[in-house]
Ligand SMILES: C[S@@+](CC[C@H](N)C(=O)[O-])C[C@H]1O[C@@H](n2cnc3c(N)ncnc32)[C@H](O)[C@@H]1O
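Here's a solo chain for you in structure tokens, the form predicted on its own.
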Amino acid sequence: MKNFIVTTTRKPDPATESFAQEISSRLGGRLVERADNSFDALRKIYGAENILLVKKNSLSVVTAEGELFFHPNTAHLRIKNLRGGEGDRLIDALKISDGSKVLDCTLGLGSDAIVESFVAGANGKVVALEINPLIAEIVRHGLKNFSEDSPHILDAMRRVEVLNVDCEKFLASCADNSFDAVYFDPMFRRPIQKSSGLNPIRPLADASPLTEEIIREARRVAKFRVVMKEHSGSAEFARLGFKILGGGKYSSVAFGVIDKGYGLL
């Protein structure tokens, strides 16, 4: 992982200082005093590319592209639509329902995992993987501590299990058919410019393309379906053996599926 430091707000209380020390010890980033330094000054002083900022009740990462923090983002509206009887393109692609077990191999900021968890319910399970420890830390903390939302959405957040692990290694450790669906949302190598809210995550995200071996393992682990989200018209669907779903005619993204018995062997 790229070099990072841990710091706090300018006048932290004892609880914040203690939390910062705990995170620094656990993740391996150097804990430094904020004092009156700007983030740019801290980068120059300590030669760090990213700054894990510990606040009183939240965490964020300050990157060259801005500040990255947890927020349910579109999950709130998507869950509202689902409760109102409308569909959701991801859920339609995954074909999950109450009691489903989902492996989300690309947690990111967690919006998809929250929606998956809402649909899977208390009887289901959502395990979300994130290879970058800073992203995993702020999203895990946010899912467990965010409180400004409806009870059913907060319950969905709390049920998501976040693991800081490479998806290929985790898939290799899973038994056959151990999840109903496996999902990938790889970081687009050609960014959608209007998605400026995602810019802070780009310096931290793993832009490595999925491999055929990863998809083979996903097919082994998925009981019913493997799903990938990509740019509309992306060559990745054909390269990895996904069948593109219809729908979202005017969307810049598309979903591809591999049903068991379809795609790579």
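Not measured: the values here are computed from a predicted model. Just count from 1 along the sequence shown to find any residue number.
From this point on, the text means the form predicted in complex with the ligand, which you will not see here.
With respect to the ligand in the predicted bound form, the three residues 131, 165 and 201 uniformly fall within 4.5 angstroms at the level of their nearest heavy atom.
In plain terms, the part of the chain that comes close to the ligand in the predicted bound form, with a heavy atom within 4.5 Å, is 202-210 out of 50-58, 216-224, 26-34, 202-210. Residue contact check for residue 107: one or more of its heavy atoms lie within 4.5 Å of the ligand in the predicted bound form. Contact between residue 111 and the ligand in the predicted bound form is found at the 4.5 Å heavy atom cutoff. Heavy atoms of residue 180 never reach within 4.5 Å of the ligand in the predicted bound form, leaving it off the interface. Looking at residue 142, you'd find every heavy atom of it more than 4.5 angstroms from the ligand in the predicted bound form.
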